Structure formats: C-alpha cells, structure tokens
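Form predicted on its own, single chain, as structure tokens, below.
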Amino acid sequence: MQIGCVQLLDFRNYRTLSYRPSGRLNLLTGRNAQGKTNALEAVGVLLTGRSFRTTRLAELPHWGAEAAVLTGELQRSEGTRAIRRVLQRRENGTWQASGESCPWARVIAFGWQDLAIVHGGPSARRAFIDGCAARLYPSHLPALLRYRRLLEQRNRMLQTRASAERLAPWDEQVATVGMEMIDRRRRAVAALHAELTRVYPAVSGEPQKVQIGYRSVVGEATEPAALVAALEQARPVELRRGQTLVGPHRDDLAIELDGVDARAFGSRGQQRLLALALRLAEVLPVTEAAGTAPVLLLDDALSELDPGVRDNALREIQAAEQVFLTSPEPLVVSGAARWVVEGGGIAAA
C-alpha cells in the first residue's frame, strides 16, 4: 500500500498543502518547529482517523479554524481509493471526526514517546502491545473498549462494597473479555519476538540476544476461569481500594537484552534503538495479517545513534515499502526522495 497524494486544509501549522510523496523512502528535513512531525501526523490521521501524538482532537486543527480537512489517495495493486477525514467543531465547542476508514490501511509510527516502551511504566508497554495487536487483529480494539467499560462498571460496584453475589456476573464478563485480549496480546508478542530477534542484531551490529515476553497474573492459563479465580482472590483488597487490581489492564511486557531488563540497560541511544527495532519488528507481521504493507512514519528516528548503527537502521528502513522519515539535519540516503519542510510547506530538495 502507498499514499499517492495528501491534501491538507487547516491541519496544525498547514493552512493548505498538496503533497505527492514517493512510493518508497521520503526524507523530510528542516529546522525545528517547521511542520515535519505535523506532516507525519497528518498521514497517520488520514489513514487511521487517529493521531499518534495526542488523543485530543482539538489540538489538530489550525489555531482558530472551525474545521480541518484531510484528503488523499491510497494505492495498491487492485487500484486507487480516495480517502477523506474531517475534524469539525460542534456548536458546544467540542470536536468530532468523520470519515470512512479503509479496512486494509495500516500505519506504524515511531516518535520520541516510544522511548517509554523501554524505560517507562507498564502502561506504555500495554499501549504498545495493544496497538500492535489492533493492527494484527481487527477485533482487538473493540474488545479493548468493551473491557474498559466493563472495568469502569465493576469498579463502581467495588466502590459501593457490593457483595460477592452481585460482583460475580461482572467477574465473569471481565474475565471472558479479558482472556480474549490476553490471547491476542500473547499472539502479537510471539509474532514480534520472532521478528525482533532478527531486526535488533541487524540494526545494532551486535550479536545480542533480545527477548520479549508477556507477563500476566494468570501466567500461561488460557481459560477465563483462571482470571475469575484471580479476581476472587484479590477481592478483599479490591473492595478496600475500590478498584480492580488484576487483569490485562495490569499486565506488562518484559523486554530483555542478553538476559538483562532493558529498562536498566545501556545508554539512551541503545534504548532508542531498541524502541525503534520494536516498531520495525511490526512490519512483517502486520504485512502478513493485513495483506498489504504498512506505511512507516518515523519521526527523528535516527537521532542519538552512532554512524554505523544509523547506516544499519537505514538499510532496514529502506527494506520497507513506503516510509516517511524526518530529520533535523540533511541526510544523504541513496534512492530517497528528499523534501524540505519550512513554514508549513513541503518542497522537493
């Protein structure tokens, strides 16, 4: 899959933009605060309806605008498909997004916030694996939203100190949906692990052993009964605290390099490389699941990397299909389409 063209109206610092990227590697350079990251974000919003930077729609339109419009064309072997997104301010001041999603469009984005996957708290790793699972299995996101609603309802029951009899139906529902989520997360982690063991040594240039594994309160159990039992065991503490303390919303992802927890390993550059490798490891599993290659949005992905490692990472990146890579400094990359971003405009270098 490739994006043939992108047109923006009042999106971030772009009042108007018409841009036809290359079908392979697009290198966007320019000074800070000119719109490089905004351009990548626009591509992501256009394809998926969501930003990889924020959950607040109000942050996306140009300051003072009543709407933002994003249009474009997606191309693959079967033909071309037009796509359109509109962000509109309602009368009550809130914002709504409209537009038809493309079922086979996939985006993998990397930015500075991805460092939290390696050295941040468990919530960052859960968000990472849920995003990956959603790209592999379309049913994962609806299940995640349903699980969150069930969790809110169960928490309200706990806060009223409900009896075991009243909590039992909620335990069963939380356990059923929760185990479905855990199963998809485990499969996503297995697919990532298989590819990461190739990607990380290739980009690092070192024969290091990298491992990722899913860590859950239910261990390796596969039946909802295991999660029901864990909820029952935790119930006295949950009633005191008024919140659900076990389940996929408390699980974690273990990431190790040569048997050492990656959160305590190496320099910021090494952690950044591992976070990038995790994103690049998604490409093959997502391509196989969706039947078409994802678009890569890599925001300043090569910063803080040694020259040799940067060259290795570029080779891996160029093996993908369509890529958008930003850099504050000009880079010489064979075969790349070079673009200069300045003042809300994009021009060929």
Partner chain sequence: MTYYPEPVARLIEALQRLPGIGPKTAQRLTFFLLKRPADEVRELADSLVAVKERIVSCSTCFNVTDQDPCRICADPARDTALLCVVEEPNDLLAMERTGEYKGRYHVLLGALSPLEGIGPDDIKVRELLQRLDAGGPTEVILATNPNVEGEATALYLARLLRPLGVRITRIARGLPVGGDLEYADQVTLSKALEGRREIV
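Positions refer to the first chain, counted from 1. Fair warning: this is a prediction, and the values are worked out from it, not measured in the lab.
What comes next is about the form predicted together with its partner chain, which does not appear here.
Q: Using a 4.5 Å heavy atom cut-off, which of 207-215, 115-123, 165-173, 247-255 contacts its partner chain in the predicted complex?
A: Looking at the partner contacts, the answer comes out as 165-173.
Q: Spell it out for me: taking its partner chain in the predicted complex, does every residue among Ala289, Gly308 and Asn312 have a heavy atom no farther than 4.5 Å from it?
A: No, the whole trio is out of contact, none within 4.5 Å by any heavy atom.
Q: Gln153 versus its partner chain, in the predicted complex: is there a non-hydrogen atom within 4.5 Å?
A: Yes, Gln153 is a contact residue.
Q: How about Asp130 - does it come within 4.5 Å of its partner chain in the predicted complex, if we only consider non-hydrogen atoms?
A: Asp130 lies outside the contact set for its partner chain.
Q: Please tell me whether any heavy atom belonging to Glu238 falls inside 4.5 Å of a heavy atom of its partner chain, as the geometry stands in the predicted complex.
A: Glu238 lies outside the contact set for its partner chain.
Q: Can you tell me if Gly79 lies within 4.5 angstroms of its partner chain in the predicted complex, counting non-hydrogen atoms only?
A: Result no; Gly79 lies far from its partner chain in the predicted complex.
Q: Just one of Met157, Ala105, Ile83, Ala230 has a heavy atom within 4.5 Å of its partner chain in the predicted complex. Which one?
A: So the residue touching its partner chain in the predicted complex, by this definition, is Met157.
Q: Please pick, from Arg146, Arg268, His193, Arg187, the one residue with any non-hydrogen atom lying within 4.5 angstroms of its partner chain in the predicted complex.
A: Filtering the options by heavy-atom distance leaves Arg146.
Q: Could you list which residues of 115-148 come within 4.5 Å of its partner chain in the predicted complex, counting heavy atoms only?
A: Result: Pro138, Ser139, Pro142, Arg146.
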